[in-house]
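There is one chain below, alone, in structure tokens, taken in the form predicted on its own.
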Amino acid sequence: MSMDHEAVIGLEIHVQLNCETKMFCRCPSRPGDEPNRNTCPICLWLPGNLPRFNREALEQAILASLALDCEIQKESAFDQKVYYYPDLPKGYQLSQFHMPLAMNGHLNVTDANGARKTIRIRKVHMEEDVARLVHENEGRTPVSLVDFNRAGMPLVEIVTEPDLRNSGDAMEFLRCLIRQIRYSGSSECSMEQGTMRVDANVSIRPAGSDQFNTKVEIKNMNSIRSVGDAIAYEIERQKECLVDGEPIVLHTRLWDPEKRVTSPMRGKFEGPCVPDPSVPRIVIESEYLDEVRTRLPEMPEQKAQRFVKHYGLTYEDAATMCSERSVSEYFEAVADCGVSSRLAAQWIAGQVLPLLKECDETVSTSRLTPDRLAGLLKMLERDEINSSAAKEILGKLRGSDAPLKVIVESGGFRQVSEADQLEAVVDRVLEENPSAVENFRKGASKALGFLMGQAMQATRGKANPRLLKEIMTRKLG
């Protein structure tokens, strides 16, 4: 970005709520089912069928809003957002345009230079999802199909103020938002699986100005990385337009992840929003809101501070353990088994999470349950196995249901820590390598490494290295 201009970026994020049924009917809210299996006259939007509001969707939407520090509005209402598209054949979408559920939230993010920034959230409103278009070929004929399974899925749309200034901050904001909402339990927020979609509004203006220039909306981004790349590309494209004297036109563009460019999609169209007469206005009493608020779990920042105080972790380690709610609960379960909390954090961050990611597993689905990992780390703490053996055992614990002791004994992983055995090994190694002993005693310190290697080889790598070195050093005089 030129020193003379800055980007102005706002995000609109659609998040699918974790509900058993759709927003206005009792059809399952279950992504991945066979196309058009989960439909009824209401979510097919057939004439004469009235929507029936899902109370569970309201509760999940409130939890998501509270996780974003929003103010829940006492009254909210649905409007008909009028437009026609093949994925919306009834001609309007039920959405809360005039009276949203929640307003005035914020998230704090840390930029690339370590500075803290507050990104304001203008509003969170509920709406029904539209159907999904599937474009295929039948022979050589292109066809477009409509899957109504997605029609009526419960969503919240989160709209930020235009507080973001670069692609990096936008990506960090999204990571923070995903973490907050996942903690609340109200959504999975998976861009890859389609339970979260992001649109970015980008414009540029003279640096330091408070004016808002014509913006361009970007769609079709299926990962946080894509959001960052698309915004970065669009900033440079608009900058080149200014240099070439081309006007910035209000319109929507698509991100092409293969060509890594945005391309024109359509002109920006804002249909009218009129109050819907079929869904009653939502009135939230303070007692009900207080009851829902009690279901909001301990959030990441609060939990990280507790981990620092209670478990003695550094803030960086605590933040890593709190990156996902499931990871934080896994860490606590391991630490509460009596393992050193720092050792548990070190192994979860450095060994367990990379291993599970490589195997496409999570701490919730893996055989590496907290008690099995705790058992392994206790053996490491007691010097019954060394760290190399522990890493090998970790992989075997993930790959089988065999008990820890069976894996250790059948694999011969137990460490040799008996002083008598190690004394005998050292005596034999020193006797068989007199020249190395003489070199060490003349000041060649490298000879100690050679002798240690011979002793470790004699025990097939099972010797306790700390105890072995103590004995070796003492006997060399």
Partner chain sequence: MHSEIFCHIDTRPGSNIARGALVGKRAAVQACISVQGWPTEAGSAALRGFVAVEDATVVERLRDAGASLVGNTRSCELGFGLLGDGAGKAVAGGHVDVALMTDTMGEARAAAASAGVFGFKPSYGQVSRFGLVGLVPSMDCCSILAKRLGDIEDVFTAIRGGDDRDPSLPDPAPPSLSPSAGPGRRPLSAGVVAQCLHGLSSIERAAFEAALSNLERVGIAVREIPFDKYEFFPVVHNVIGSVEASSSCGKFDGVRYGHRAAGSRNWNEMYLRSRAESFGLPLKAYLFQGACFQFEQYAVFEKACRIRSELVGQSRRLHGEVDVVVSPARRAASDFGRANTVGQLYEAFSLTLPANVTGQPVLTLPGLVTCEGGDLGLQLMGAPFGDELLLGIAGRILQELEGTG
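Numbering follows the first chain given and starts at 1. Take the two forms, superpose them, and find the largest set of C-alpha atoms that agree within 1.5 Å; that set is the rigid core. No experiment lies behind these values; they were computed from the predicted model shown.
The form predicted in complex with its partner chain is left out here; the points below concern that form.
**Student:** Using a 4.5 Å cut on heavy atoms, which of 437, 27, 425, 44 is close to its partner chain in the model of the complex?
**Tutor:** Contact check passes for 44.
**Student:** Quick one: from 207, 274, 343, 261, grab the residue that has a heavy atom within 4.5 Å of its partner chain in the model of the complex.
**Tutor:** Residue within 4.5 Å of the partner: 274.
**Student:** Using a 4.5 Å heavy atom cut-off, which of 85 to 93, 70 to 78, 310 to 318, 391 to 399 contacts its partner chain in the model of the complex?
**Tutor:** It is 85 to 93 that comes within 4.5 Å of the partner.
**Student:** Is it the case in the model of the complex that 50, 98 and 148 each bring at least one heavy atom within 4.5 Å of its partner chain?
**Tutor:** Every listed residue reaches its partner chain in the model of the complex, so yes.
**Student:** So, residue 135 and its partner chain: in the model of the complex, are they within 4.5 Å at any heavy atom pair?
**Tutor:** Taking the distances in the model of the complex, the answer for residue 135 is yes, it comes within 4.5 Å of its partner chain.
**Student:** Please check if residue 190 has a heavy atom lying within 4.5 Å of any heavy atom of its partner chain in the model of the complex.
**Tutor:** No, no contact at 4.5 Å.
**Student:** Could you confirm whether residue 278 comes within 4.5 Å of its partner chain in the model of the complex, counting heavy atoms only?
**Tutor:** Result yes; residue 278 sits at the interface with its partner chain in the model of the complex.
**Student:** Quick check on residue 144: any heavy atom within 4.5 Å of its partner chain in the model of the complex?
**Tutor:** Contact with its partner chain, yes.
**Student:** For residue 259, state whether the C-alpha moves by 2 Å or more between the shown form and the other one after rigid core superposition.
**Tutor:** After core superposition, the C-alpha of residue 259 moves less than 2 Å between the shown form and the other one.
**Student:** With both forms fitted on the core, check whether the Cα of residue 114 differs by 2 Å or more between the shown form and the other one.
**Tutor:** It does not reach a 2 Å shift.
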